[in-house]
Ligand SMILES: Cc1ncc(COP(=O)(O)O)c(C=O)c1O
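The data below hold one chain only, encoded as structure tokens and taken in the form predicted on its own.
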Amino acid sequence: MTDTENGQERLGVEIPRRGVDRQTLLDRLRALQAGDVRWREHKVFGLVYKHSDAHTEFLKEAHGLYFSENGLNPMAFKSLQQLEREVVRMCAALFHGGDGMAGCMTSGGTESLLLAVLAHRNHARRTRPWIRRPEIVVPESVHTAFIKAGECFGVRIVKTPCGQDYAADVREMERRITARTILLVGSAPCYPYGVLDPIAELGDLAARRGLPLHVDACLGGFFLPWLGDLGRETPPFDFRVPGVTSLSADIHKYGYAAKGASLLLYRSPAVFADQVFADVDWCGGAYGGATLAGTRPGGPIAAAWAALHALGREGYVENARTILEAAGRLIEGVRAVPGLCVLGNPVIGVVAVGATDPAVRMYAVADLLEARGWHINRLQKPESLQVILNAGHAAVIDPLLADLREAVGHVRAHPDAAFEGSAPMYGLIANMPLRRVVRKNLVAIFTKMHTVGEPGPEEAGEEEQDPVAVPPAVLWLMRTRARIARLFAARRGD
């Protein structure tokens, strides 16, 4: 028998004996959804990329047409194969590639980057078999999916420090190249700061050293191409650069497709072939595929194809214009707040906000903003906040800046705000020198989230919902050290 509470079945405990009324289930889903972040009010920066209500409804219809189709077997669903090929062809032209290239769609940026590492590792195994411990040289601002790929495929990811402008330092990357290096990576732009790496210089370095170069344009791939139409020319970042051998771009970000749509392109089909899995000896028959997935939902492929056609270049350009205008207002407003600064030179609607005044602790600022309903991304190295803008955010820049000014003023006037809420936890994670301890705790948190029997958000009490709270003794020590530091600073007249 199913567990019951007040005579009614408890949903989510076990599969019910009899099917539950569908309207009851839909009501339950809506009730759960009500507790999520308020992205429809443009209070979230990232996570959701929305063009317009009309476009979203159109995507749902296109996605629904292929709700049950499966890209696992392109011979059975030839239309999906055609849609994917057309997306690849259109995007190859967008990124100045063209005929002779190879590529595929994936479920997202992480899968695209995993596959890029896999392909280049396999290619190195085939062409340079003497390399036993392959390495990939990246700037430290590169997306963490490369670290994940390194763990998955046995490749050492060599991080290099960025320059003062938060872009990749080409000289530092060249210094880390060894006989084991199989790939260089640059971002267009990087996720944390929205800064474009010097792809042309990295391409020259790659060509000179006989190495491939992957460009991670997952964030900006469907934003940067429109800047020229707005009179904002940017350095080349795609296959115009001879040294670029592969490129990834998320269509479900600024391409405004449905979730689960990214793109991976290769200049050479020979490298793409090293990504493909094929087993001809399985008793179930010959099996192959170009991505990590077996079953591939048809909906995201169809919706991506539809989005590219429905918006068109003019639609994307106008959207970019709106976002850049909003970003300009945000940047101007941030720079007008004493003690704040914008990190680097962001090229799209991604802005990282740091502090020039040590009294302004940005994690405490983030807590105050979240108390007002904003969902703020937190960065480390340095301690800062990040926003990823969409067109809808143009309507909330002024109230965001007003709340930001108030939050900064409060934190400056109340230094102990850095030891309240989640701020000390984020500060501890960012500054603790024992990174293995931090990693161990983070793994434990995610393990607990996915362990059957652990209380969920509705079942847990307020204290139990915060599995990463700083222990009171550690919090006391952090607060005491900060107060002593302020005391000595005051005596020095700082």
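All figures in this text were calculated on a predicted structure; none of them were measured in a lab. Start at 1 with the first residue shown and count on from there.
The same protein also has a form predicted in complex with the named molecule, omitted here; what follows describes it.
- In short, of 338-346, 246-254, 77-85, 307-315 it is 246-254 that has heavy atoms within 4.5 Å of the named molecule in the predicted bound form.
- Contact annotation: of the candidates 405, 321, 143, 378, the single residue with a non-hydrogen atom within 4.5 angstroms of the named molecule in the predicted bound form is 143.
- Distance criterion of 4.5 Å from any heavy atom to the named molecule in the predicted bound form singles out 191 from the list 166, 374, 363, 191.
- Although the partner is absent from this view, residue 234 stays clear of the named molecule in the predicted bound form, with no non-hydrogen atom inside 4.5 angstroms.
- Among heavy atoms of residue 184, none comes within 4.5 Å of the named molecule in the predicted bound form.
- Taking the partner from the other structure, the named molecule in the predicted bound form has a heavy atom within 4.5 Å of a heavy atom of residue 113.
- Under a 4.5 angstroms non-hydrogen atom cutoff, the named molecule in the predicted bound form has residue 219 among its neighbouring residues.
- For the stretch 84-110, the set of residues having any non-hydrogen atom within 4.5 angstroms of the named molecule in the predicted bound form comprises 108, 109, 110, in sequence order.
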